[in-house]
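We begin with a single chain expressed as structure tokens, specifically the form predicted alone.
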């Protein structure tokens, strides 16, 4: 795949701390890439550097496999802070101002309004918008001019559940039309549901990165239950691929070795004549993974 952004050993040092430390990553075209980390982890600083808002102490980065030219910057739409829309103007008038600043034809306004599901509210004044609608309007402004990349910093911050769901849908819609998205967030659920790739960072350092599904694979966890609980515990511990066992509510949580499969385990239990009332393969959530990964970092 084409590489949209490549970061190599990026570092930003302030007198008392490293905001970003030797960060390296590569983002491919068409991906939804999540920078995941707690507040103060260096996400916003990283975005500021790659967008030219602030400078790095050392390291480098390149967009679209080239030197960072002004023409390439036009291919990037960004939302780092909530833009200053005029409250007394309609959404459409505000977008016209954004379009004029960017040198974009006003005809593009209907297109971006459709993407963020605000076409029916374009003539309403900005001050009548909910927080979620204001954020979607800001994303619409960033999409003017058909950028190839959209950079978002904490896009759901401060929104209620409905607003969060709406932004999530917008991000998915934008991805479907081929726009590469770089998303910084501390919200684990947000990254898990919308991103294809993730880089977990803490104190400016990358702890792990890769495909979200690969990152989440983690341990092979099985929820299993039977009315013959003691027999189930004994059988589980004698299975050749057994690793650990923990009791959770009415079922056992069995960890299998990486080489073992859930199918092999279920066959083993059935062969030993035990009636299984619950058997579910559990994928470790990003939250569980994040807490474990950042615990000692």
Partner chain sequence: MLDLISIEYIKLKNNSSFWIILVFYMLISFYVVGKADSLPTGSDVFANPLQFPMIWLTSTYCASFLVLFPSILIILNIGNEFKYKTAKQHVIDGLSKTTFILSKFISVCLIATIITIYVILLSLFLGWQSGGEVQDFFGEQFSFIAGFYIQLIGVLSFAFFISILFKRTGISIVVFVGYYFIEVILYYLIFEDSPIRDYLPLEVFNSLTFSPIKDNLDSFSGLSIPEFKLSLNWFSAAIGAIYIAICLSLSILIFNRRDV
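Residue numbers count along the first chain shown, from 1. Quick caveat, the model's predicted, so the values are computed rather than measured. Between two forms, the rigid core is the largest collection of C-alphas that superpose within 1.5 Å.
Although not depicted, the form predicted in complex with the partner chain is the subject of the following passage.
- Taking a 4.5 Å heavy atom cutoff to the partner chain in the predicted complex, the contact residue among 131, 208, 89, 165 is 89.
- When you look in the predicted complex, the only residue of 146, 100, 193, 111 with a non-hydrogen atom within 4.5 Å of the partner chain is 100.
- In short, of 79 to 87, 182 to 190, 220 to 228, 157 to 165 it is 79 to 87 that has heavy atoms within 4.5 Å of the partner chain in the predicted complex.
- Every residue of the trio 12, 51 and 106 has some heavy atom no more than 4.5 Å from the partner chain in the predicted complex.
- The closest non-hydrogen atom of residue 55 lies within 4.5 Å of the partner chain in the predicted complex.
- Though the partner is left out of this view, residue 93 does reach within 4.5 Å of the partner chain in the predicted complex, counting heavy atoms only.
- The partner chain is not drawn, but in the predicted complex it has a heavy atom within 4.5 Å of residue 74.
- Mapping the unseen interface onto this chain, residue 70 counts among the residues with a heavy atom inside 4.5 Å of the partner chain in the predicted complex.
- Superposed on the core, the two forms barely differ at residue 179: its CA moves less than 2 Å between the shown form and the other one.
- Once the rigid core is overlaid between the shown form and the other one, residue 94 counts among the residues whose Cα shifts by 2 Å or more.
- Relative to the superposed core, residue 83 undergoes a Cα shift of 2 Å or more between the shown form and the other one.
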